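Before any questions on how it binds or moves, here is one chain, the form predicted alone, in structure tokens.
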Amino acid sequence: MRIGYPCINRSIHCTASHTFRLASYTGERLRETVTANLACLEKILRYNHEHGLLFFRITSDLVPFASHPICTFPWQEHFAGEFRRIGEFIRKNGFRISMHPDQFVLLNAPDEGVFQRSIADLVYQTQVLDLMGLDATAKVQIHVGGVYGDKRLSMDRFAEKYTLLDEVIKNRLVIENDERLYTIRDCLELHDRTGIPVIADSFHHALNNKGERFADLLEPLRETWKGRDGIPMVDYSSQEPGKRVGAHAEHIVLEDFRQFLKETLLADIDIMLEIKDKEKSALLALAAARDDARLITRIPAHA
């Protein structure tokens, strides 16, 4: 079990998510921005290694406009050495890595243009992981998508569109339940139809379920992950008091997190904390889990 957080570290004074307006695009602007983003990503990963946080979600903004037709700069070739160096650090130190496209990546969209733009974004994100030389345990997670007035038809469309994806994308893609439209059971059904692994979001499940306890779904979820996929990834958060239903917490509630660890004790999982204060809560979660026999904070020296 690894514990981690997504995209942004607030303790170091840089961000790997620098971007700029589309109207400001030039090859030189892109080169400068990606240079800074990759340097910051390395700093974040080194911080995480030093603190035992071995699960990290890389920002989708690492290469701005990479999936847009305007992007003609050969960033894959230009930054090949930097990506390779970062990947070596990730592998050497036993990190688990993921990426998560934004809400506009919709494989089940009826609009063909939306579908094609979604494919372009998935190509970009899989290229990032491929350039780092990461194996199939590094995943790109998406939601099932919209309902578009007919949930059954939309699930059928997802399954159909999934068959059109290149194997390079299929090897990395996983689906996640959401808080309104698609439950874990819905995602498990899509796995049965496509073979795609399922990420369980415990907070979304609490808001959108079919009466099942989260712990009772861990075994069927595990079965969707094959050997090359690694152990299942799980997203964890909780409700921010006083905010709209579904708003992620600003800070971890340790009593609730300890209960989550207890309920999932029999499952090997990597936990992504979708808590807004990022590494601050992740470090507290790591301390709360210190006696959990599943916990990995360093890989063995011989690995």
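Quick note: we count residues from 1 along the sequence shown, nothing fancier. All values derive from a computational prediction rather than experimental measurement.
Beyond what is shown, the protein has a form predicted together with the DNA; the following relates to that form.
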Next on the checklist: Between Ile86, Leu134, Leu217, Leu106, only one gets a heavy atom within 4.5 angstroms of the DNA in the predicted complex; which residue is that?
Outcome noted: Leu106
Checklist outcome for this item: If we test each of Arg46, Arg31, His251, His68 for a heavy atom within 4.5 Å of the DNA in the predicted complex, the one that passes is His68
Item to check | Non-hydrogen atom contact Asp121 with the DNA in the predicted complex at 4.5 angstroms | outcome: yes
Checklist entry - Is there a heavy atom of Lys280 lying 4.5 Å or less from a heavy atom of the DNA in the predicted complex? => result no
Item to check | Close approach of Gly146 to the DNA in the predicted complex, 4.5 Å, heavy atom | outcome: yes
Checklist entry - Counting only non-hydrogen atoms and a 4.5 angstroms cut-off, does Ala293 reach the DNA in the predicted complex? => result no
Next on the checklist: On the criterion of a non-hydrogen atom at 4.5 angstroms or closer, are Phe79, Arg91 and Val234 all touching the DNA in the predicted complex?
Outcome noted: no
Next on the checklist: So if I measure heavy atom distances to the DNA in the predicted complex, which of the stretches 223-231, 177-185, 208-216, 191-199 falls within 4.5 Å?
Outcome noted: 177-185
Checklist entry - Taking heavy atoms and a 4.5 Å limit, what residues of 204-239 are near the DNA in the predicted complex? => result His204
